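Next comes just one chain, in structure tokens: the form predicted alone.
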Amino acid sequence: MAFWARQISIWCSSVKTSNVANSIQQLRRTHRTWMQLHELSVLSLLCTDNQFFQRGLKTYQSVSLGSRLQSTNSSNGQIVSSENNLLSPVNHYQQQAEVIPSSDTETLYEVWEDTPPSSALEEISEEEAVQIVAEPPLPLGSFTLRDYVDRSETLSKLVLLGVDLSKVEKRPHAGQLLLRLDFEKDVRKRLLFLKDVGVEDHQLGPFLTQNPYILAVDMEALETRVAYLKSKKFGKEAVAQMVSRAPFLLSFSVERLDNRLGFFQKELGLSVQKTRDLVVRLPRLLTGSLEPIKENWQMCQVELGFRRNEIQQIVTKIPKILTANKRKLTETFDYLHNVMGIPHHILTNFPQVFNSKLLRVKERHMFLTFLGRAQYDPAQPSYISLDKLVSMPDEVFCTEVAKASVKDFEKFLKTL
């Protein structure tokens, strides 16, 4: 009886040990399954290769199937010995190798081997440090276009054309505009259009520096505005001159251009031909504000005392008088008319004097007065025209007009 009691006791302890081993083995399988599921979920976020994700999913399904089969065997009442359930490290590795395909395992290892070091503070050798090339990141915002030139094909090619980006970036929204443009799709065809109009290669850089917005104007609108100018009898050379000297000209609509031409023809009383000649010589009259033009026109009539036909003659010869500084224009007229005694009709015949520096006019008039040769009346002998007074260089003025040497003129200026 004692012998059978010992055998029953040994058998019970064996059953308990087997149950404990089965429980431990089941916990290990569950832990392995969740760890593999966690790895696959991370890889699905980091890896952009959909094929790799599908292989990982198959791996997980294989592992899950193996776990369910083993669980089924246990539920059917099959009792496995503790030696079979408690796998050694070698047997455990062999079992995983049978479940997970080798090609997928190698791919998984390659992905993890290509990952960068987990810590930025990890020590590296000096040779590795020298080989590191870190490009500066593209700034999210900047006050200068210089930071984007190396990354933008449009900016780099505009610089080669001679565009001054330091001036462009000061214009409202011009920098953002250029960064959004594609050189091949947006910029190239507009550059070719400007060349066809007559803008020279060396003029493209300064042209776009002043008006970079033209690169975003619709091509059909540009062609329509050029066609309008040609319909108004502006020749090809005249259009090329106007567009080159007034970069904003083609940025304005046909209606605006038509209203400006009508203003100079009606309000100033100019003929069609004189209006055409006026804007060809000073095309920015079509692009600038009309207020200073109206003020100068009114000032010439009211303050300076010129008649309407005299103003028309002056404007035809010197268009800049319409946009000249009012103070400078008034001071020059006051000295010419009230100090030198030159009447309106002579000033009308020689309006170039209003473009000269007032200091030069004063110095030369006082020198002629000192010599007794200040005679500006064409009806009197020794007459000196205003053209000779202001246009000649000092050497020619002294020898031909003042009949004196340059040294005498310089000595006189020192006494002033």
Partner chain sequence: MAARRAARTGLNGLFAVYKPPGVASIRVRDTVETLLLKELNSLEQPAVQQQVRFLPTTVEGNAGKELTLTVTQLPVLAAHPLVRGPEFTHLKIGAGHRLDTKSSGVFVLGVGHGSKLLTDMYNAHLTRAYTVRGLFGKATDDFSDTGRLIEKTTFDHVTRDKLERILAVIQGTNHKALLMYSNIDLKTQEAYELAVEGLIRPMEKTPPLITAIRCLQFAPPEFQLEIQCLHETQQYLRKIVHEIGLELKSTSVCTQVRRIRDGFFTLDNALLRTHWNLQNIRNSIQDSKSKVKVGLQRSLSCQARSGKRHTDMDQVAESKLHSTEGMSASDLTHKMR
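As the structure is a prediction and not an experimental result, all values here were calculated from the model. Residue numbers count along the first chain shown, from 1.
Keep in mind the form predicted together with the partner chain is missing from the figure; the text below concerns it.
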Contact assignment for the partner chain in the predicted complex, among E127, E237, E123, D218, heavy atom within 4.5 Å: E127
Identify, from the list V149, M340, M299, V254, the residue with a heavy atom within 4.5 Å of the partner chain in the predicted complex. V149
Within 4.5 Å of the partner chain in the predicted complex, heavy atom basis, the matching stretch of 262-270, 164-172, 182-190, 246-254 is 164-172
Taking heavy atoms and a 4.5 Å cut-off, does L290 contact the partner chain in the predicted complex? no
Close approach of E363 to the partner chain in the predicted complex, 4.5 Å, heavy atom: yes
Q313: touches the partner chain in the predicted complex, heavy atom cutoff 4.5 angstroms: no
Contact test in the predicted complex: L177 vs the partner chain, heavy atoms, 4.5 Å: no
Within 397-416, the residues having any heavy atom within 4.5 Å of the partner chain in the predicted complex are E410, L413, K414, T415, L416
